[in-house]
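The chain below stands alone and is given as structure tokens, in the form predicted on its own.
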């Protein structure tokens, strides 16, 4: 009798196309069963308390760092990025894990609120409780750092977690589950499920209490719609078309170095990577000159050869090609590289100049090692053009004296002044965007509270002679309430 074949899929090395692993495509039924096990484990995980969970998570953090060579090699194998970049990614992920474990208790501590004069006999408090089971759907570009921004904070808050990694990087997700289980006090606290889009869809309808998704805006809308059928809330971290603003008083050497790295590192596959630059016309020529000089020193290649690797998702090559050609057709020029820079699976650096704002290359996320540099007359124009995008994830501002003023006017979730990517590395601040870049936050206190719900508890401390909330309320009681409200207008509240 023939054995039943279990559906599976392969993971590939994007630099060579070689198969590096085979993983099961989990069905909707399997995902629902895993969610039920996670639900049963949630109560026990919560009962461990903050100190108990902290010990487990700190142990996991230590284990990850002790095996950083192992996980970095796996990240490099599945994404094609240099091992050095993978090690940096792992280190940042571990930092967030440690921060969440150590700060969960103080962030979720019961808060006491002033009840106001009319309710002076009441004690008003707000408690924070974990949601229960959180589903995390991760991306392939940063397969450990990005999902750990949700996993760490959800676990620290007292939730159990089910993780669906990208089908391009399933091995990283499986490794995370295996290492967690080495320190876990019992099963089903953190589980990885593997599969394609259908498996992620099954997670959305499996009975979890919240979904945290990172990926394209198009897919995010599908995830949100699936979750809405069961009133499951979502955190959506989507794409960006992040601007860089360079003022006349900027340190150009530093601005160029950071901007080219931001645009080209990880093969441009960073949602917060620089995609368009608005540089003051007074210094634009020098900025472009320095950018081209730097671009000439870097190249794409396999790990150990290139400064950055291949396109991890092969279909992205077509998008990059389309945007380069659109930029040129719409009137832009190539300062370095061009259509011939695209040689699958690699894309060499491309610098485009003076691309019209209505070009597809300016409006849509490219997600490749390209950068558009456009001149502006002043910072007002730079701000307005930056804000004209349908995206609103991150931004970078380069100026010695105007950084804070410019940052305050940008319609986005995060701004780095005279630096790049820094807001992703600081564990104490929230990460996320607005508009088509999504909603909700990961990281920091705000990120941890995303995986909790507020419970208001109001308790009578002593009885008042006047009964406001009763059918026995008298006309003079109404008069007193109205008079006090007119007089106080919310004061002493």
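Residue numbers count along the first chain shown, from 1. Computed from a predicted model, the values in this text were never measured in an experiment.
Not on display, but discussed next: the form predicted in complex with a small molecule.
Want to guess which of 107-115, 402-410, 215-223, 289-297 is within 4.5 Å of the small molecule in the model of the complex, heavy atoms only? This holds for exactly one stretch, 215-223.
Quick one: of 80, 165, 243, 149, which gets a non-hydrogen atom within 4.5 angstroms of the small molecule in the model of the complex? Exactly one residue meets the criterion: 165.
Candidate from 278, 346, 367, 190 lying within 4.5 Å of the small molecule in the model of the complex - any heavy atom: It is 367 that has a heavy atom within 4.5 Å of the partner.
Considering non-hydrogen atoms and a 4.5 Å limit, does the small molecule approach residue 138 in the model of the complex? Taking the distances in the model of the complex, the answer for residue 138 is yes, it comes within 4.5 Å of the small molecule.
Tell me, yes or no, whether residue 196 is in contact with the small molecule in the model of the complex, where a contact means a heavy atom of each within 4.5 Å. Flag for residue 196 set to yes.
Going by a heavy atom distance of 4.5 Å, is residue 201 a contact of the small molecule in the model of the complex? Contact check for residue 201: yes, within 4.5 Å of the small molecule in the model of the complex.
Contact flag, residue 45 vs the small molecule in the model of the complex, heavy atom cut 4.5 Å: Close contact is absent here: in the model of the complex, residue 45 is far from the small molecule, nothing within 4.5 Å, heavy atoms only.
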